[in-house]
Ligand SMILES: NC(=O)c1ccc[n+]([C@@H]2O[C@H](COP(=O)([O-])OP(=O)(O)OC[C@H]3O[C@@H](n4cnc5c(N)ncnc54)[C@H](OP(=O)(O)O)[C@@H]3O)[C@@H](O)[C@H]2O)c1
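Heads up, the chain below is alone and in the form predicted alone; it's given as structure tokens.
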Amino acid sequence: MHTTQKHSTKQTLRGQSFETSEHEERSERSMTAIVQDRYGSADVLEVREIPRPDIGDHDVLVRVAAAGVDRGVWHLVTGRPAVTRLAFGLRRPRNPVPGLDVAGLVDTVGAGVTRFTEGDVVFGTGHGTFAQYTRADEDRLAGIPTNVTMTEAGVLAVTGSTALQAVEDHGRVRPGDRVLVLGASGGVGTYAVQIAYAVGGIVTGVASSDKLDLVRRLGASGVIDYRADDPLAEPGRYDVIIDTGGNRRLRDLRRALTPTGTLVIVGGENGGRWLGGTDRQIRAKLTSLVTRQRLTTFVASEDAIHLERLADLVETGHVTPVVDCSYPLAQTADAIAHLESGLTRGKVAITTDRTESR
């Protein structure tokens, strides 16, 4: 690891401070982290002291303040569906520390880093963020907007950037487009509703009855309780459908689109142990070749361009991160269990002892 340069022992963002204790100064090579040696339920997660990550020339060591919990994290912890293990390790996770979202303080920078210096406050994605420190590529970070807390910034990057790409890059939502967001109260959905509204879309959000008030506040002009009504019942109603969850049939989704409408499949749940709905995404791409409708899916890009665009939307008040609740690092397993309960509105956050907790 590169030698840590001198930096201020205290930084603040909206009143939140980062103090360097004597204990931390004596333990410069270790950190507390959440570790998993195998796939499974949240019970496989353990709190351990492990070495701090080494960084390369274009990496940044971030002192973690907050990190987000979402369905993507759940998939990586459980190893389900099985297809995810092809990318992250067949028998066990290649990176034993879970977590992608991060917000925190730049502690150390690599020799080739040009975008950040020690002491900067940043958000983005890191390599194992359920820890006191994480390694992050400098091109997967951006400066934190000044009008959010560290906890809010900690749940911004992964699902916020995914929603941004779904709405703008792939959905190509334009002013006046009628947009349906399925899973509107979830981690991606809460951002998708706000971004679609910000670019001029007429948004209808789908959620359970107890979450419809949230979806309205985020900018949806119409809301549908999926337990009471079929959001896809009316043929040809929507110009764009952003499907952030579930495993609805393609023919039903297509029926609700206009003849030249666009379907963006962000993810899928309840699609089986092995493929988890990825087969539906493949069928959508193939069907799109023989129809006037655009049926697409994508793997979100983790890059500074989208993070900076997202930060601008937050800074101007068009997007606000929705934090359901937060848990201290040692209670990460409880946070994931809460996510599994289905009661979450927006995102769940993990915080270190330097930021507010649940």
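These numbers were taken from a predicted model, which means no experiment stands behind them. One rule holds for the numbers: they count along the sequence shown, beginning at 1.
Keep in mind that the form predicted in complex with this ligand is missing from the display, and what follows is about it.
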Does the trio A184, G187 and A300 actually contact this ligand in the predicted bound form, every residue with a heavy atom within 4.5 Å?
yes
Only one of S221, S208, N95, T258 gets a heavy atom within 4.5 Å of this ligand in the predicted bound form. Which one?
S208
Of the options G110, G128, P145, G245, which one has a non-hydrogen atom that comes within 4.5 Å of this ligand in the predicted bound form?
G245
So in the predicted bound form, does any heavy atom of R71 sit within 4.5 Å of this ligand?
yes
Using a 4.5 angstroms cut-off on non-hydrogen atoms, would T162 count as touching this ligand in the predicted bound form?
yes
Touches this ligand in the predicted bound form: L156 (any heavy atom, 4.5 Å)
no
Answer for H75 alone: is it within 4.5 Å of this ligand in the predicted bound form, judged on heavy atom distances?
yes
Options 129-137, 170-178, 245-253, 110-118; stretch whose heavy atom lies within 4.5 Å of this ligand in the predicted bound form:
245-253
Within 4.5 Å of this ligand in the predicted bound form, counting any non-hydrogen atom, which residues from 215-243 show up?
Y226, R227
